[in-house]
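Taking the form predicted alone, here's one chain by itself in structure tokens.
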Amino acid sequence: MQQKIAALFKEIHGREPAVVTRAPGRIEFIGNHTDYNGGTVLGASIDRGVWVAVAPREDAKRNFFSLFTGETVTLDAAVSLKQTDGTSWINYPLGVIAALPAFGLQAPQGFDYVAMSDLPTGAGLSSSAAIELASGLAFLAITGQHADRETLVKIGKHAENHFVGVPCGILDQGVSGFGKANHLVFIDCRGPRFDTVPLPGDAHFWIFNTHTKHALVDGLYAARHRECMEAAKVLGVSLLVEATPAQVDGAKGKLSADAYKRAKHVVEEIARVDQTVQVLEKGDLAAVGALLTASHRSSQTLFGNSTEELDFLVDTLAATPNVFGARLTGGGFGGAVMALASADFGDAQAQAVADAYEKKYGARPDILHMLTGDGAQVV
């Protein structure tokens, strides 16, 4: 991929890139919608991601090209408005540029830019965070600046929250930034504090991408965010991480039906994350799998961010030999299901799951066998 993007950059811009960076996509392992509620979460950076190549210009032109659209968009450095047409992918690097001064860093002026990815879009693998972190590393490099890993992660989150307009927590950027092969990334979002947890060697990730709608900016994600904040206010806490299950149940009559269910999911999901860390230390993947499936049932019945298609996949996978557990991964409302399986689960079994899905819904999910990978880096 490094040689491919360098060659593409030369083809598009007529010169060599000054820097090439890469940031991985991520699997949300467990901790669904806990991050912006101040909770804990586990994620895995994967061996697929977004690549960015950049070279500075002497003028104030910013030339963006990506294989996402196959076309070049030129903006003046003075243009800092959010793009709303078919070039909206540019909002991710533009958001990073807008965020840099908030962290005491200089924004680049003119540059040529190319992005490419081997991540499937709409699968809940967070290509948005990957492009933010890869862009951030590239912009820092061409301006001769350095930021520590935590600052880079916060820049990406700032871009997503304040420019793109998605009220996400720090999960996506944190996992893409702090990822490590053969490990999960543990995030305590209150700090935030980042750590890694070893993953047993027999753990294999299989992603089933349904191609159903996965658009977080269309209001569903924001609605869940509002409901969680509403619940926290009624409970008298700043964030739901400070509430206990007993407090949530005790306030059932004071909360709206939706706010109660969202809060119940969040406080129980935070407990599941902590339980997962404990059983991972024992190498008990069967217990981990049970927690993953329980997480999905909570998303299905309490948080309301699953779909019929995702539920069908989880049901099918849970009944398949050599699968420890399965759950939706990412924001939900469509997208993908992650299965944690043993080395004995192979392509034939994965195709059988896809066959069952196709028979019911008339469309076939993409199947991706994922490995863990390292976090964002200059290559």
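Values in this document were obtained by computation on a predicted structure and should not be read as measured data. All residue numbers refer to positions in the sequence shown, first residue = 1.
One more form of this protein exists, namely the form predicted together with a small molecule; it is left out here, but the text below deals with it.
Position in contact with the small molecule when the complex is considered in the predicted bound form, options 38, 325, 31, 335, heavy atoms within 4.5 Å = Only one listed residue qualifies here, and that residue is 31.
Look up in the predicted bound form whether residue 134 has a non-hydrogen atom within 4.5 angstroms of the small molecule, and give yes or no.
-> No, residue 134 is distant from the partner.
Does residue 169 make contact with the small molecule in the predicted bound form, using a 4.5 Å heavy atom cut-off?
-> Because a heavy atom of residue 169 falls inside 4.5 Å of the small molecule in the predicted bound form, the answer is yes.
Is residue 331 close enough to touch the small molecule in the predicted bound form, meaning at least one heavy atom pair within 4.5 Å?
-> Result yes; residue 331 sits at the interface with the small molecule in the predicted bound form.
Close approach of residue 221 to the small molecule in the predicted bound form, 4.5 Å, heavy atom = Yes - in the predicted bound form, heavy atoms of residue 221 and the small molecule come within 4.5 Å of each other.
Proximity to the small molecule in the predicted bound form (heavy atom, within 4.5 Å), stretch among 191-199, 103-111, 231-239, 170-178 = The contacting stretch here is 170-178.
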